[in-house]
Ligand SMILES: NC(=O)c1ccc[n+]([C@@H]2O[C@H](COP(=O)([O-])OP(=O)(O)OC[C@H]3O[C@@H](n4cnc5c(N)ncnc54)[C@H](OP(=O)(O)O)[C@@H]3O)[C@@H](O)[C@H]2O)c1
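Before any questions on binding or motion, here is one chain by itself as C-alpha cells, the form predicted alone.
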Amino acid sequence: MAPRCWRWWHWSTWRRTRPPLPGSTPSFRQRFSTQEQPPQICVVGSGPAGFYTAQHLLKHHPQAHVDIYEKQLVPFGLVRFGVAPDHPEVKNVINTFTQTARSARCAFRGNVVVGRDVAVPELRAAYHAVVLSYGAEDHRALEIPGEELPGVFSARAFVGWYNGLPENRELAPDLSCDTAVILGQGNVALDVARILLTPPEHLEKTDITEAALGVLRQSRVKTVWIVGRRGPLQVAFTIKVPRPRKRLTELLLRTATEKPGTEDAARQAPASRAWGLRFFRSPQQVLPSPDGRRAAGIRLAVTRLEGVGEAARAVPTGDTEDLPCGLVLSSVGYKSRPIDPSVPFDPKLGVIPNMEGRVVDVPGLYCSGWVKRGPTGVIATTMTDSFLTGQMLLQDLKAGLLPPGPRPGYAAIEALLSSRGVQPVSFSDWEKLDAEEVSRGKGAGKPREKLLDPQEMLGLLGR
C-alpha cells in the first residue's frame, strides 16, 4: 500500500514503465532473461533499509547479485551509530546482516560516497537497478534565535558522538551545567535523556566510546527536561510493553504537570538526578549567558491544541516561560539530503518522490527506508518497507521493465573509483576492523571499543 503522503502523485507518472497489459507480448528486447545474465543490482546505504532490501532480493531471486555501497568504512548504519549503547539486544540484527553480506552474491563497498566519488547516473549505467537506501543523515533545524550558541547541539550529533560516528567524534559537549533541556519527545529524546542521567558505571560494559564515557564521568547534569509542543496523547516515543492509554496518559500528566507534595519532595530530595516531561511548550529562543558566549536558558511559548486527533496542532497562547539550562539538545527530527542532481527530491518532506519504492519518473531507480517514507518507525518498520521495495523491483524485473542485456556491475565502477583515487573497503576488511575493536574492548570488559578515526582504520588495513 502506498503511503498516504504520496497520493498526490498520480499513477500516470509511472505510465511509461507500466507492466504490459494482459494478452500483450513484450518484444525480445523488452524481456530480461535471468538464465542468460544474472541481474546486477546496486544498493546505496548499508543500514537496516539497505541490508533488508538486499536480503529480500537475494532470497527471492536465486541469481541476483547485489553490491552495497556505503560512505562510512564500516557497515550497519543506525544500528551501529544510532541504537543506544544500553540497548544491545536491538543490535542483534547485525548477525542477520552479516549473513547477507557474506553471501557469494553480495558485496560490501565501503568508503565510497555516492554523489561525490561516483554519480548516480554512473551507477545506473553499470547496474540493471539502483536502490537508494541512504537514510536521513541530517537534522531539522529549530530556526530560532540563539540556535548557533555554544551549548546547543542536535540530538543526532550527540547520539553520533557517544556512539562513535566519525564525523561527530570532535563534538566535545560541555556537561558542566546542572540542567539540560531536550526539545522533542521521540525515542531519540528518551535515549539522550537516559544516557545523560545513567550513572557512568552502568555504561562501562557497553559499546559506548571511551571518550564519551570520560566526559559523562565528569558530567554535572542533574536534571533533564524533555519538552514537547503538544500533549501526552501526541508524544512520538514508542512503548514496548502495552499499557492502557488512559492510565499512561494520567501517569505522564502527573509526572509533567503536578507539583510534588511535601511527602513527594522529601522522597525526591536525596535523588541525585531527575527528569521530567513538559507538554504544551514550543521553543522560541535560546537565551544567552550575560557575556553572550553560550546558552544559558530556553524561552518557551506556551501552546494549546487546535483540532482533534492526529490532526491536532499546537498554537501559541501568547504566554511564555523561561527555563534556565546550560545544555540544549534539539531532537525535532532527522532529515534526508538530496544525493545527486539527477535524483528527484522533495525538500519539504525530505524524501525522494516515489510510488511504493519506485522513484517517480526514473525507471530502474528505487528507494527504501527513511529516504523513501521519512524518518519514522523502528527497525521492524524499515524491514517491512524495504521488503516492499525489493518486491516492486523484482516485479519490474519479471515484467521486462528493467534494461535488457548484460551490465558490468562493479567492474565498471571499480575502474572509475580507481581512476579517482578512491579506496573501497570490503566486508572482509570490515571483519578485520571488527576483530580489532573487539580486542580493544576486551581488556575493559566491553563488547568492543569502536574505532573513530577513518585514517586509523585505513592504516590498520594497510592502505
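Each residue number is its position in the shown sequence, starting from 1. Quick caveat, the model's predicted, so the values are computed rather than measured.
Absent from the display: the form predicted in complex with the named molecule. The rest refers to it.
Just one listed stretch, out of 198 to 206, 318 to 326, 349 to 357, 184 to 192, contacts the named molecule in the predicted complex at the 4.5 Å heavy atom level, and that stretch is 184 to 192.
The contact with the named molecule in the predicted complex, taken as any heavy atom within 4.5 Å, belongs to Val378 out of Ala104, Val378, Ala274, Val308. Shown without its partner, this chain lists Arg299, Arg169, Arg140, Arg304 as candidates; in the predicted complex, only Arg140 has a non-hydrogen atom within 4.5 angstroms of the named molecule.
Contact check for Val332: a non-hydrogen atom falls within 4.5 Å of the named molecule in the predicted complex. Among heavy atoms of Arg124, none comes within 4.5 Å of the named molecule in the predicted complex. Proximity of Tyr366 to the named molecule in the predicted complex falls outside the 4.5 Å heavy atom cutoff. In the predicted complex, Thr96 stays away from the named molecule, with no heavy atom inside 4.5 Å. In the predicted complex, no residue of 407 to 432 lies within 4.5 Å of the named molecule by any heavy atom.
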